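Only one chain is included here, represented as structure tokens and corresponding to the form predicted alone.
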Amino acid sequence: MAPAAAAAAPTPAGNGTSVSAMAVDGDVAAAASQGFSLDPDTFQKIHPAEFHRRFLSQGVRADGRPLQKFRKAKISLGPVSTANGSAMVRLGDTTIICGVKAEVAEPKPAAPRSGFIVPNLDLPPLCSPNYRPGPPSELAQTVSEYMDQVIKSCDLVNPETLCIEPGHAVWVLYVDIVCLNHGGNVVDAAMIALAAALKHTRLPQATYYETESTVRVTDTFTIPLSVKRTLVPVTFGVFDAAVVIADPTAEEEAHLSTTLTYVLDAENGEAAYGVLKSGGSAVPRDMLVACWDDARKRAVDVVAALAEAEQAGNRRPDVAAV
């Protein structure tokens, strides 16, 4: 007697209705006709794109979220005591920690009053088996360069506020962003962590002594970094060039035809300071408009979480969720 076929995909967590039979009904029949079993994990490994496609066709995702549902973002301020400012962001299974370190440097001759902000994203092997020791991955380089462009183009921090002594000394803010666990949508988590860490940054008092051509720094008095606006990234994924999902997981990202990230000004919901698109498929205008509307709603929630974390003050841990 042939064994019963079992190719049903798992029921999404938190969803009261099962989509197992609907999602893989055809494969159950095929398995039954050939007389073998196909458990959900095996089906996902053999046909990963089809595994997600069956869920999406029913308006639900493998983790139980509706297509346009974002994962909760948890924001913690001050996890790194040795940094001038720091933040940790958890976005589902994705965990990012960001530290800001201020150092004194000479300004460029063409801009004697301007300091610098140098962001860098690190995706070490500990965050995902997809990364190996060695040079930065393509994703890490792309996101680091994009964050640098956005910081400069939107004038996030007035570089002249980082001046210690014109022509002699300025602050350089090294923003190190490290992914501790890659569960998808690293771009959003990294940029939220950057925004939170900069808002948490306090610069020590620095005095330039011309006779000695030196700068003396004291931590007895610090001033908060003046951040002009709050930037909020919102990422969407496009599956099969037709189905839009919000905040994709790592498993979903591997099968997307393209991703689209809006960078919004939280204080001015109508302003976007950047759009990052990866992948080759074209995105129609109506899809762009729909994503823009959802991005503005998401930005409001993220800003509320940032404000709540800031209001927590020096309490540890300072955590807010959206």
Partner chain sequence: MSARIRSDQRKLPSEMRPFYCSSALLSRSDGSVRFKSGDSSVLCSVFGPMEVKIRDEKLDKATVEVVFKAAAGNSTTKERLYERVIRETLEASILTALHPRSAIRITLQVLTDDGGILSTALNAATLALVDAGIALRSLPAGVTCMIDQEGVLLLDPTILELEAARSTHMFVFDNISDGALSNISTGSFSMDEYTSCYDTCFSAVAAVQQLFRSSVEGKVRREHGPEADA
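Quick caveat, the model's predicted, so the values are computed rather than measured. Residue numbers count along the first chain shown, from 1.
Keep in mind that the form predicted in complex with the partner chain is not shown, yet the notes after this line are about it.
Trainee: Only one of these stretches, 174 to 182, 88 to 96, 132 to 140, 200 to 208, has heavy atoms within 4.5 Å of the partner chain in the predicted complex; which one is it?
Mentor: Selected stretch: 132 to 140.
Trainee: Heavy atom within 4.5 Å of the partner chain in the predicted complex: which of 40, 48, 64, 274 fits that? Just give me the one.
Mentor: Contact with the partner chain in the predicted complex is made by 274 alone.
Trainee: Is residue 145 close enough to touch the partner chain in the predicted complex, meaning at least one heavy atom pair within 4.5 Å?
Mentor: Residue 145 belongs to the contact set for the partner chain.
Trainee: Against the partner chain in the predicted complex, would residue 81 count as a contact residue? Criterion: heavy atoms within 4.5 Å.
Mentor: Looking in the predicted complex, residue contacts with the partner chain do not include residue 81, since no heavy atom lies within 4.5 Å.
Trainee: Please determine whether residue 278 contacts the partner chain in the predicted complex, using a 4.5 Å cut-off between heavy atoms.
Mentor: Yes, residue 278 lies within 4.5 Å of the partner chain in the predicted complex.
Trainee: Taking the partner chain as it sits in the predicted complex, is residue 284 in contact with it (heavy atom to heavy atom, 4.5 Å or less)?
Mentor: Yes, residue 284 sits close enough to the partner chain in the predicted complex that at least one of its heavy atoms falls within 4.5 Å.
Trainee: Has each of 57, 71 and 242 got a heavy atom lying within 4.5 angstroms of the partner chain in the predicted complex?
Mentor: Answer is no for this spot.
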